[in-house]
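Two separate entries follow, structure 1 and structure 2, each one form of the same protein chain as structure tokens.
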Structure 1
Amino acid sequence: MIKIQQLSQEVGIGVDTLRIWERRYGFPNPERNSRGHRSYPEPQVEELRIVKKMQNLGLQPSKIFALSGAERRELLEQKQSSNLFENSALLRLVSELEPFEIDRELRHSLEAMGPQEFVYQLGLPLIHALDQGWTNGTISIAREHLVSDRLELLLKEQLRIALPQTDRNRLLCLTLSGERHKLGLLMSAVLFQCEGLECLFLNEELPLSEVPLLAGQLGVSGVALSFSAHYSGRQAKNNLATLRNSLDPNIKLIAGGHAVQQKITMPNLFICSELREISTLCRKHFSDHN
């Protein structure tokens, strides 16, 4: 039996997300001691590892938990077999290629697909493959860092490509102190730029208290933040509330990532649960200056 914090670390799913799933889907189903503290048996830990793998393959929790345990395993095997067959080149990139070969393959794909389709067709599957490989032990942490760093460098280079000078919305993209996962936000910034926004991506984490001042100095139309599964969902919600109260009310606040899956309602706050939602979000809320 393990506690919820240890479970979160074991399976790579945020504590708040586990609690939301418990309320919404009835799983995981912890045992509780006399003080109400949760503990989880090993079979549920293994089942959540399967759920995490299915998420990495693009399946939504509502669909995953609608299945029985046996159905989940069967579907996961089908998906993994299909992905293994269809993405042999991707798997080779993840596990075998030299750094210069990784750069060459990524750059060639970016030039062939364009930045938007590159994110959808290669960036997202690559991150999922890295996460899956690290989780099941088929690739080392060092290898995961090597490949993700090459992808990060290319995406940052893409962001530096100047757009025609027009009256564009400016978007500040950042992570707060304690959030070290930035690739998802970086891909989002590339997609926002494809929609005509000027994206200012900060490499370093920023203290919450410094965001409003910087946003005002830069004259941004929006601030985009990412909160991974390793970030507390409760803390993410509190941070967003603090930002919403301290930012200019006309500045749009955009948040994405596993830690903000729950519904959060605040003025001029938009939760982006999938990267493909960015195009619609821009058309609805940033079209006046494009």
Structure 2
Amino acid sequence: MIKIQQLSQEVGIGVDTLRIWERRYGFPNPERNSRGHRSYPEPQVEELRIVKKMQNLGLQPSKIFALSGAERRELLEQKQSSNLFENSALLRLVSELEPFEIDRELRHSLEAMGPQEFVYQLGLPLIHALDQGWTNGTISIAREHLVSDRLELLLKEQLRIALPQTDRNRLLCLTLSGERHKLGLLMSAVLFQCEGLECLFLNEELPLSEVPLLAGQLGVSGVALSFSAHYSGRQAKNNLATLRNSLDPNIKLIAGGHAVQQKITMPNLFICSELREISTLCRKHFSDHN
């Protein structure tokens, strides 16, 4: 039984939106506590996660709410089928091993595969598995944090290894205030670095207004941002527009994450919906004479 604000954070849907969905579509349909405040039972939270996922896949609320719960699940599974838990090594990593063992495994794999393959073959599936496991209750929150924490540290160390060279392009990678899902961007940063860019990954969330200043000071030629599902598409777009206006037009913007569909167009902005696109993107736009 949680309150509306908590729910909003959990599922990544604004408080206003939750209320107006209730008004318009009759769902969610919370109980009320003694104060008359909305109180959402767990099953509805779960259902809203499904709804949010479908929305991220590009479906409109009116269409989504016209379906029954079972129909939603069916459609969703049809849209995103890929069973990650076939990989038993990954499963063990995610749910059994001790912290130092996780570290050891990850480091060993990184060594063996090299950074790029590590990201593609282990990093991405790992995040996905954590996500799925957390949603369907297989993995505890604590476990999820434990594992993602190890991965995060490893990737950051990997980023640090390359020494700065004056002639290389610099890329500033950062998440904005309110954004907490850094792993995707972190992996992107590793890939960018593999393509020869010097990546500066900023861990802490930064207010939008600070970005142009920092970019200028560091003399970067690009800024990469991640918008997870917790941003609505609209907010992501607004933020990007603001940034594009306040930033040197020569500095490239690269945006990724669930919240940015390919629809946004802006000068010198590149949407990156798949990590595999990074390699092509670099060759096109960050070649040395650029």
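Just so we're clear, the structure is a prediction, and the values are computed from it rather than from any experiment. By rigid core we mean the largest C-alpha set that fits within 1.5 Å across both forms. Start at 1 and count along the sequence of structure 1; that gives the residue numbers used here.
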Problem set entry | Structure number, where the criterion is the form predicted alone | 1
For this session: Determine whether the C-alpha of S273 shifts by 2 Å or more between the two structures once the rigid core is superposed.
Result: no
For this session: For I20, state whether the C-alpha moves by 2 Å or more between the two structures after rigid core superposition.
Result: yes
Exercise. Aligning on the rigid core, do we see the C-alpha of E96 shift 2 angstroms or more between the two structures?
Worked result: no
For this session: Once the rigid core is superposed, tell me how far the Cα of A66 moves between the two structures, in Å to one decimal.
Result: 17.5
